[in-house]
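The chain that follows stands alone, in the form predicted alone, written as structure tokens.
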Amino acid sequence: MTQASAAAVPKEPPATSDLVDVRLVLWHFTAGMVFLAVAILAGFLFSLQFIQRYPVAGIELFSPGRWRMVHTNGVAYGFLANVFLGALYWAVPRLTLRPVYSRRLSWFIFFAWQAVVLATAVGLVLGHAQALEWGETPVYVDPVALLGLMLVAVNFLAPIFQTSGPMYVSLWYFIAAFIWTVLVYAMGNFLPQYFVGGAAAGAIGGLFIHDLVGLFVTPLGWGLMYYFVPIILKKPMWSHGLSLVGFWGLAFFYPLTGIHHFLYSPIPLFLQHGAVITTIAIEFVVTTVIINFFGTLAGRGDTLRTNLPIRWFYTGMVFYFVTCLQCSFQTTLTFQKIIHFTDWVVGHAHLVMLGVFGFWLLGIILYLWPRLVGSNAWYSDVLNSWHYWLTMLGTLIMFLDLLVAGLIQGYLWRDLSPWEDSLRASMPFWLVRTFSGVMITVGQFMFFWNCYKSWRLGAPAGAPRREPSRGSMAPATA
């Protein structure tokens, strides 16, 4: 086997009890699902105002605008960040054959991060938000959050930098993510607040909005896919070369795309044109990554039917391709005239954060949960199936619904129709959005219940495992 091909297969040590703190992974996953429950309920509450059914109107602490920020920040920092950390505590020691820098530091990071997320949520509800999209975290939270991100980088980079020989591509993505995330968070939360203003602050805010997606969740998400997909399929990646093309394309093109959030603004036009070009270029990079993963699936297509984590992963990959293709069109000046400030953008954001990264992380939880709780299988495969279909269909319906709504709104505004006309035209679409949100919410709570019941069925390491009382059970090795 050549050096390149050897690096295309994740390393699985024969014994990992000394490498991975399973309890820490479990706690991160549990915290992530708790914050996801709060975030989706906040999103559902926010959606009710559009159909004039808001149940707590007039109460300032339940202002829809504040709970919208709880929804977005809860998903980004409560759900995504927690589950990413849990998955990293599982994958990095296995890829490096070394434990993280410090288990005590790991537990400190866990409790400190929950405090950061809770302080952010309380601050947002009390009206302490900053005037920066995706950077609404109160000013007193930002230094603590940045310090926490630095500690995360130290904890994971230590074992990675001690590795020798060929480095698996997941570690390339992880190294970049740990460095980029610290820089992006500092840039977005400190420069506009304290150092620059006007159009320059808008440009930096645009970079922060998009780099939070492209340089935080994207490298962590793809890095974990490069780890879990070959492990589950039991075959190497189709092309190690393409995996490196995807990484370096992300590193080269993504950092400057965020300006496309502020087209037709006072930001210099050459920066706007550069953002349009790099955004379109990203679609070609993404295509190489998608080809690589579907090439890996060749000959194992039956796993899409028989293996639910793989189905979550590849559904998210299809959605990722769709969102990037959509982005390459909507970032052009012609498209921006129609869809800017419309529900098209809202649908795009939901497909990215839930339909892609949320799907990948839910698939990872689905794959690892029985191993973490000491169960031989899930409490109910039926609930897992319902969870997938309700979430997938709900997300797809919401995306298509808001896409059409955005086009209708944009053309009505372009034609200078009365504002009330766009509201009346949007009302049926907002009703469908709430319905799709109910589907997603019901699916998640089915999953939470299944996780709880599977945990109850589990047993400590070395103890006899109880058999489930009911439910169709799949083997934990599936």
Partner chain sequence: MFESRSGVFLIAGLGFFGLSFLVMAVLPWAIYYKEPEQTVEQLAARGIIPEFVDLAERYPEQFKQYFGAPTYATYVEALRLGHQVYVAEACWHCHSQFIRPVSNEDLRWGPVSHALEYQNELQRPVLFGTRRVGPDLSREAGRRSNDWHVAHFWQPTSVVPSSVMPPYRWFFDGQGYPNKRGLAVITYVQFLGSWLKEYPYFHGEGPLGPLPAPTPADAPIARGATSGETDSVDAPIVGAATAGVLP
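This is a predicted model, so every value here is computed, not measured. Positions refer to the first chain, counted from 1.
A second form of this protein, the form predicted in complex with its partner chain, is not displayed here; the remarks below concern that form.
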Just one stretch in 362-370, 379-387, 226-234, 68-76 has heavy atoms within 4.5 Å of its partner chain in the model of the complex, so which one is it?
68-76
Quick check on this chain: which one of Thr315, Thr296, Asn307, Gln336 has a heavy atom within 4.5 Å of its partner chain in the model of the complex?
Gln336
Though its partner chain is not shown, can you say which of Gly221, Gly258, Gly86, Gly355 has a heavy atom within 4.5 Å of it in the model of the complex?
Gly258
Taking its partner chain in the model of the complex, would Glu60, Asp211 and Thr342 all count as contacting it (heavy atom within 4.5 Å)?
yes
Ser239 versus its partner chain, in the model of the complex: is there a non-hydrogen atom within 4.5 Å?
no
Hey, in the model of the complex, is Pro138 touching its partner chain, heavy atoms inside 4.5 Å?
no
Please check if Phe111 has a heavy atom lying within 4.5 Å of any heavy atom of its partner chain in the model of the complex.
no
If we define contact as a non-hydrogen atom of the residue within 4.5 angstroms of the partner, is Gly301 a contact of its partner chain in the model of the complex?
no
Which of the residues spanning 402-438 lie within 4.5 Å of its partner chain in the model of the complex, based on heavy atoms?
Gln409, Leu412, Trp413, Arg414, Leu416, Ser417, Pro418, Trp419, Glu420, Leu423, Arg424, Met427, Trp430
